[in-house]
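So this first bit is one chain, no partners, the form predicted on its own, shown in C-alpha cells.
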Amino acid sequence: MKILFAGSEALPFASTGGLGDVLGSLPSAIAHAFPYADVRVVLPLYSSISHEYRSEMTLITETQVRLSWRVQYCGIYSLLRDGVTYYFIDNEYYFKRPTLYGNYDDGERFAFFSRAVLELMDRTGFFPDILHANDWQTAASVIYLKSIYSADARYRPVRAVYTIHNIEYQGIYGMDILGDVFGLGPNMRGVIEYDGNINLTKGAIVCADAVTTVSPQYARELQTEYYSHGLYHILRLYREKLFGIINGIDTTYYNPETDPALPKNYSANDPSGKAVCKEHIQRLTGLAVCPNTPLVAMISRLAEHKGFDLVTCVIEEFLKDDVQFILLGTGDKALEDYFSSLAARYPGKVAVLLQFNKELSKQIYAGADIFLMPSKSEPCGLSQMIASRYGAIPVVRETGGLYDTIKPYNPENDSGNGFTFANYNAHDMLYVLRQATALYRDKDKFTKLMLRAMKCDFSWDSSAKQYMELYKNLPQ
C-alpha cells in the first residue's frame, strides 16, 4: 500500500504543536508496523528548517504549479528518515516567512501547497493509494483531488482521508476569492461554501472518503454545537465516514528510563530515581525541598480553553493544604501576570516558569507527583500521556482525548490510571485534586497507581494499526 501524508508541519523539521507531533510519529509508526507499506510525507520547505536537514535533501525536480491565473515555481526535494520518504515543496515567495502561519495570504500559500501536493504525484510518478491530508492547510488538496484532478484517470483511484486535529481552525475566507485565489469554479460553490464563506474544512469533509479526528470522544463531541465551532451540521450529516483514532506519543523520546534530560533515570520496574528527580526540580525552581509534600504540575499554553479560569478560581484555596504547585508555559498576558503574582505571594510553595522549554518540561514531568489538565476542550492531548509515562498521576476533565486515555481511580477494585471530573466546575476540580493528594499520603496505594499509569501503552502502535485498517476498508 502506498500512503502520502500531506501536512503543514512535522517534527523534527518544523512544528508549532500537536499536528507536528503526529506527522513526526504516525508515518514512521505505520512504516515500521507494516513493512510492505510505502509511506511518504510532503511538507512546505520553510526557511526555518535547519541546515542540518537541508544538507540531507536531494533536489528531485523543478516544475511550475498553476494556481488560478498564477504560475509559480515549485522545487521538490526529498530525504529518507526512519523508513519514511519526506518531500519538501520549495517556493521562497510563499515559505520564506518568519512564521509558519499568521500571514495575510495564508489561504493562497496553502492553496499553492495543496496544488503542489497533487502535482508532486505526476512529477515523481508516485500515485498513492491513500492521500492523507491534515487540518485546513491541506484541506484543499482533498478538494482538488476530487474535482480538478478527477478528470485524469491516474488520480481517480487515489482515496482521500482528511484528519481534523483541531476544529477551531477551519480555513475560512470570503467567497469572492473562490476563483481568483483557489482556482475553483462556481460549480464547486455548494461543496466549499458554509455560512456564506469559503470553508476549506467543510469542503474536505464533503469530498473525503473518510474523515478522522484524534480521539473517539472528540469525534462524538464534534457532532455537538458546543464543541464544533459551527460545523456540527456538516459533521452530523457525514457522521458515517467520521472516525476517532487516538493519537500516541513517541515512547522512545518520552522514556524516563533513558531520558538524558533527567538527573536520574527510573522505570516502572525501578521507580526509585523519581524521588531524585523531585528533589532536583524543587531545588531548580526554588520550591522547598519537601519529599513528602505532593507536587502538582501544569505544563500548558496559558489559554482559557486549557481550564485556567478553573485554576485561578480555587488555586489559593488549594494552597492552604500541604501541597506545592509548579507551572511551565506561556500565553495570555493576564494569566502570565496572575501566576507570576501567585509565585511571589507563595515563595517556596509555588514556582512559575513563563517559557517554552522541552528539556525542562520533561524534568517537571519526572519530578511531579500529580499532573493537572482541566481543559474545557482537548481534541486528544499529549501531556496526560507523557505525565503518565513519567509517573505523574493525571487529574483531568472528561473531554476529548482526556476522557479516552485517563480512567478514574476506583479504590474498590484498585483500577484506573488517574483522577477525572466531568462538569466544567472549579470546585469539582478541587475535589478530585484533593482526592489525589489524599491518596498520595497512602504511599502503598499511590505507588501502585503510579506504576499502573507508567505501564499504560500510549505508543503509536495501536493507532498505526487502526489507521491501516481504515485505509484497507475504504471503498474502491
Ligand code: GLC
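Predicted model, so just to flag it, every value in this text is computed and none were measured. Residue positions are given as counts along the sequence shown, with the first one as 1.
The following text describes the form predicted together with alpha-D-glucopyranose (GLC), which does not appear among the structures shown.
Between the options 115, 397, 165, 202, the residue in contact with alpha-D-glucopyranose (GLC) in the model of the complex by a heavy atom within 4.5 angstroms is 165. This chain is displayed alone, yet in the model of the complex one of 181, 79, 382, 261 has a heavy atom within 4.5 Å of alpha-D-glucopyranose (GLC); that residue is 382.
The stretch from 371 to 379, 319 to 327, 222 to 230, 181 to 189 that comes within 4.5 Å of alpha-D-glucopyranose (GLC) in the model of the complex, counting heavy atoms only, is 371 to 379. Taking the partner from elsewhere, residue 453 is found to have every heavy atom lying beyond 4.5 Å of alpha-D-glucopyranose (GLC) in the model of the complex. Proximity of residue 161 to alpha-D-glucopyranose (GLC) in the model of the complex: non-hydrogen atoms within 4.5 Å are absent; the residue sits far from the partner. When alpha-D-glucopyranose (GLC) is considered in the model of the complex, residue 19 lines it closely, a heavy atom lying within 4.5 Å. Within this chain, residue 214 lines the site of alpha-D-glucopyranose (GLC) in the model of the complex, having a heavy atom no more than 4.5 Å away.
In the model of the complex, just one residue of 244 to 283 lies within 4.5 Å of alpha-D-glucopyranose (GLC) by at least one heavy atom: 247.
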